[in-house]
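To begin, one chain is listed below as structure tokens, in the form predicted alone.
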Amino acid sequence: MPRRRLARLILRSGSLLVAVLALWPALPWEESPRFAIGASPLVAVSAGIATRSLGLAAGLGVFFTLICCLRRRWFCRYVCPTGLLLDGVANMGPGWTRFWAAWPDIGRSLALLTLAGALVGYPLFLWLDPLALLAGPFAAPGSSGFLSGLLAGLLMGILITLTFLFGTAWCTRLCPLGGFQDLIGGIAQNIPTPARPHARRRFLTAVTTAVGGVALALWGRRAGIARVEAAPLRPPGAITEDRFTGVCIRCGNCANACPPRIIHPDRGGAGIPGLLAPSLRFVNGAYCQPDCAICTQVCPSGALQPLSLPQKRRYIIGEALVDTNYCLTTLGIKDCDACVVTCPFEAVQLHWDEEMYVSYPVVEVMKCNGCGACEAACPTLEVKAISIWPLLPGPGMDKGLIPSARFLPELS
């Protein structure tokens, strides 16, 4: 084997091993899953533009981006762990290449649409990044149910099947990360000059695609605003719903890291744009624990902004609403104070109504952050007497990645 090819194999194998250990996670650093995906140049650049922020993990991706500007597709050749895995799958398959041999470079168009959308805060196809797809199956073993586990690994399963049947179609024609490297590695060749008149058509095509990406992204954000009231609960640190479904890359890092296993792939509750994005369900007595903010620390794209523990305790996930039609105490079926006892913020109290001669739970909104402890503890079955609902837009809710209205006031 030639030395260069051997060096590439060693580097890619090492990258695959590190990625697996980070995503499992088997490394002692709890934030390692974020670096395993943030190393992608496409994720680092697109998410950085969309969220107007650049963290340490994204800095690694930007470093790789600079190398790719000098060495075309360097990340694919020497780093990409997904590419190495797919090469092995392609070698085992029938290799039906005639089907896609004449396809245009779709990956370049996907990358350009994503970058253009990032300019307005909605990177359209960032969820197709191969490192994000690789991370999906790692969230499956910790899922609370078969369907959630199946959905977590769905995209990577589709990609492996595609590669087995059609060889390297993904890497050479479809991958937006590969297309992004082609874009930044060939910028000089794409600028039209008198000596390169053929570049004019390519340049105009790129401009048209970018304009289309901005238009689609604006439509996606507008659709997000329209579905806010029907959107599912998002994990703590989630940015505004109109941007969340675009910035989230469906990697499953948050679900895999969550100790109580309350983060699940959205099954379409927020429509097609929100499919497979993380949502909260308080099942089997589990809720969002006040002393845990790990999901916000492992998100590589900024869909979940990093929160310290004090910030996390003040972040409002949703609002607790009481339905007295199902409350066992109000109905006089039995004395029950489960929601009162389990609330870690002492935000729920039983109120005695002298006029109606009944008791019912009352939520003090200035103390409640929607952690779901009350809903998880409520003994009613199909419909909970107290449950957490998404926080509806109000004053200040349309400002910033995380509006100030999403935080409880500071405790004195």
Partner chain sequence: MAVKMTRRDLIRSLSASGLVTAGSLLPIADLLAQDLKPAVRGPQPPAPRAPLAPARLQVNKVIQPEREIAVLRETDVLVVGGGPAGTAAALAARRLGVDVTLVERYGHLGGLATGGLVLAIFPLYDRDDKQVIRGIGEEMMQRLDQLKFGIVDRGQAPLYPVVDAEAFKYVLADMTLASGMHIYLNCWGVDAIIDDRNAVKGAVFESKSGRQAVLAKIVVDASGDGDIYAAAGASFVKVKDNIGLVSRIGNIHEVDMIGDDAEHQAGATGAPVRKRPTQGAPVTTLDGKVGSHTPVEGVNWLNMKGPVADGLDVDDLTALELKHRIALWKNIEQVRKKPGDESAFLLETAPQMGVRLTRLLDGITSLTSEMTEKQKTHDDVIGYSGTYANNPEFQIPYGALVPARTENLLAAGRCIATDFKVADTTRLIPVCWVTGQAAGIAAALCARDGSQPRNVAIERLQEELRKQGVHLG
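The structure displayed is predicted, hence computed values, not measured ones. Numbering follows the first chain given and starts at 1.
Another form, the form predicted together with its partner chain, is not on view; read the next lines as being about it.
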Check all three, Thr330, Glu375 and Ile388, heavy atom within 4.5 Å of its partner chain in the predicted complex: yes
State the residue from Leu275, Ala206, Leu84, Cys336 whose non-hydrogen atoms include one within 4.5 Å of its partner chain in the predicted complex. Cys336
Exactly one of Gly271, Pro259, Gly285, Gly95 comes within 4.5 Å of its partner chain in the predicted complex through a heavy atom, and that residue is Gly285
Answer among 314 to 322, 251 to 259, 212 to 220, 124 to 132 for heavy atoms within 4.5 Å of its partner chain in the predicted complex: the stretch 314 to 322
Please tell me whether any heavy atom belonging to Tyr360 falls inside 4.5 Å of a heavy atom of its partner chain, as the geometry stands in the predicted complex. yes
Give a yes or no for Leu54: in the predicted complex, does one of its heavy atoms lie within 4.5 Å of a heavy atom belonging to its partner chain? no
Quick check on Trp100: any heavy atom within 4.5 Å of its partner chain in the predicted complex? no
Tell me, yes or no, whether Pro379 is in contact with its partner chain in the predicted complex, where a contact means a heavy atom of each within 4.5 Å. yes
